[in-house]
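For reference, the chain that follows is the form predicted on its own, supplied as structure tokens.
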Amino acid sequence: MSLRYDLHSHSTRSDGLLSPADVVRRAASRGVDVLALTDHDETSGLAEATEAAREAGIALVPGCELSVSWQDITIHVVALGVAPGDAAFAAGLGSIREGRSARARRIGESLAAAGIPDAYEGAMRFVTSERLVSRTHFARFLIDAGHAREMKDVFRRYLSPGKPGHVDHRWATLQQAIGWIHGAGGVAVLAHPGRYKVAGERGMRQLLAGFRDAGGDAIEVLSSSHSPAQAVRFATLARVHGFSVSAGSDFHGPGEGSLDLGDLPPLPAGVEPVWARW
């Protein structure tokens, strides 16, 4: 019997709705055999998740989702199988979190200029870890305040490039992020490539080539951000560029996102899963 993997999930240690232990217990109850907790730029939930996984009888992969700047866009790189105590890795995540705090202030100012006052204070009411604030916290505030009805709508109207709540920010470079991940013994996975606003097929091939040249190991093929057709497309691109593939629901909480833990379909045929490396 093949194992069921979900290698992308979030807890209250970043912008998820459930504690690390509750994410693990939900995954186990929904048939996941191997789970990665990949909080944004944060590993503080891994100890709690590891203990819960031991009690629930599932395997936990220590992970993290790093914020990265490539050309003029923000991309995310999932680290899998890292040693969270690695000094360079921990310092790198700390530097990214500092940038998040500064960005949050500027998002609040940008929304205030667009006629939405006190957005920073509103977002902070949804923050569940004093170490990290994200756009998702602003999105929850905007929905709660009646400015949008759901996550996709609020990001499209307020938080994407060119919209009132978007601010430019420079994160870690691809080379820095992948260097930190490899230095901590991990595998670097390009998260949900279908979400990035690149210039068509040519732009996507440039992104994948840049990720490969920086040392990237795998791309996320199955994701709540991808349609079945996109999953097939990215499986093909993985083969072309020599990547392994990964699968992750990008779970943030019940009712947020199109996939819950345990909902991922099988991988497309003809690809090497990233877990084959383990």
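Remember, it's a predicted structure, so these values are computed and weren't measured experimentally. The first residue of the sequence shown is number 1, and the count goes up from there.
Only in words, not in the display: the form predicted together with a small molecule, which the text now covers.
Practice task
Would you confirm whether the three residues H40, M151 and H252 all fall within 4.5 Å of the small molecule in the model of the complex, going by non-hydrogen atoms?
Solution key: Every residue of the spot touches the small molecule in the model of the complex.
Practice task
Please determine, with the chain shown alone, which of 86 to 94, 135 to 143, 111 to 119, 178 to 186 has non-hydrogen atoms within 4.5 Å of the small molecule in the model of the complex.
Solution key: Of the stretches listed, the one contacting the partner is 135 to 143.
Exercise for the section: Using a 4.5 Å heavy atom cut-off, state whether R100 contacts the small molecule in the model of the complex. Expected result: Close contact exists here: in the model of the complex, R100 approaches the small molecule to within 4.5 Å, heavy atoms only.
Exercise for the section: Using a 4.5 Å heavy atom cut-off, state whether F126 contacts the small molecule in the model of the complex. Expected result: So F126 does not count as contacting the small molecule.
Handout entry: Contact label in the model of the complex: H147 to the small molecule, heavy atom within 4.5 Å
Key = Residue-level check for H147: no, no contact with the small molecule.
Exercise for the section: Answer for R131 alone: is it within 4.5 Å of the small molecule in the model of the complex, judged on heavy atom distances? Expected result: No, R131 sits far enough from the small molecule in the model of the complex that none of its heavy atoms falls within 4.5 Å.
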